[in-house]
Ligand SMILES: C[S@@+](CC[C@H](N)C(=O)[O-])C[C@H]1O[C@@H](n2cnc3c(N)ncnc32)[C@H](O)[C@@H]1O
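Given as structure tokens, the chain that follows is alone and in the form predicted alone.
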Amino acid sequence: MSVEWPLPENDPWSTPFAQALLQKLELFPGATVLDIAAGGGIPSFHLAEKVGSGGRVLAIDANQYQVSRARSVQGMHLPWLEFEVGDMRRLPSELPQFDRITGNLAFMFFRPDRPEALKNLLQFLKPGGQIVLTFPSLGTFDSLWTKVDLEMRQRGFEKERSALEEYINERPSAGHAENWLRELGMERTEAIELPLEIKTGAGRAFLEHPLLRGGFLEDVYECFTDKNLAEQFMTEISQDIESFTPLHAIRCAMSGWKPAEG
């Protein structure tokens, strides 16, 4: 089957994580796939092409804009691929079971109770089916967090340090992910980790970096009740990127198989 929907080369975040997902995902022609937190369709389009017209890919995302954008890109192509608005933590009970469940960068949104959200999701996986989810695991951007913690300690920002520690410790590790899968009765569980270097400049290039600001740097800002102080603190951090670069994200792909019936 010719590949007309490869993973986009110009996406520095979703595509590398999708590559990790595809390393573990075992697809076959005619498979049914539930793709959660699908965003703009990386890797939904690629998955749909792989399963072919005899299969089905249901890609859901809670963001209406993302769904509309993905539908616009799709047009009349791959009619067995459907983009729908939906919350992966509150899927309708009438939804059928799927051969595969995937989620690129989805597991980071399972909070506050990741094991419970995972348990709810697995009810939509067929016996003998596989789930593969990717997320930036514990250890992502550790050099940055070490720098921020040091600067907070030197300035006596103990309340802010405590809040940051809570944010960091809430992030799951590969070990957490694999344990949760095993505790939920999954078989052949595995969680692999792959490094990914994120390049950035200093100053505004760092503070407004599309990958760093959303969900990562924002955690530091949220530690401060005084937003002006937060901006001043982070502006100073941004002038000293040599002390914490290179920055590495840790791509984790967790995989497990639901026991077959009988």
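In case it trips you up, residue 1 is the first one in the sequence shown, and so on. Because the structure is a prediction, the values reported are computed rather than measured.
As for the form predicted together with the named molecule, it is not shown, yet the points below apply to it.
- Contact with the named molecule, judged by heavy atoms within 4.5 Å in the predicted complex, is confined among 146 to 154, 102 to 110, 160 to 168, 188 to 196 to 102 to 110.
- Screening 87, 142, 183, 116 for any heavy atom within 4.5 Å of the named molecule in the predicted complex leaves a single hit, 87.
- The contact with the named molecule in the predicted complex, taken as any heavy atom within 4.5 Å, belongs to 42 out of 220, 31, 42, 237.
- At least one heavy atom of residue 37 is located within 4.5 Å of the named molecule in the predicted complex.
- Contact check for residue 200: every heavy atom lies farther than 4.5 Å from the named molecule in the predicted complex.
- The shortest heavy atom separation between residue 68 and the named molecule in the predicted complex exceeds 4.5 Å.
- In the predicted complex, at least one heavy atom of residue 62 sits within 4.5 Å of a heavy atom of the named molecule.
- Within 4.5 angstroms of the named molecule in the predicted complex, the stretch 8 to 23 places a non-hydrogen atom from 14 alone.
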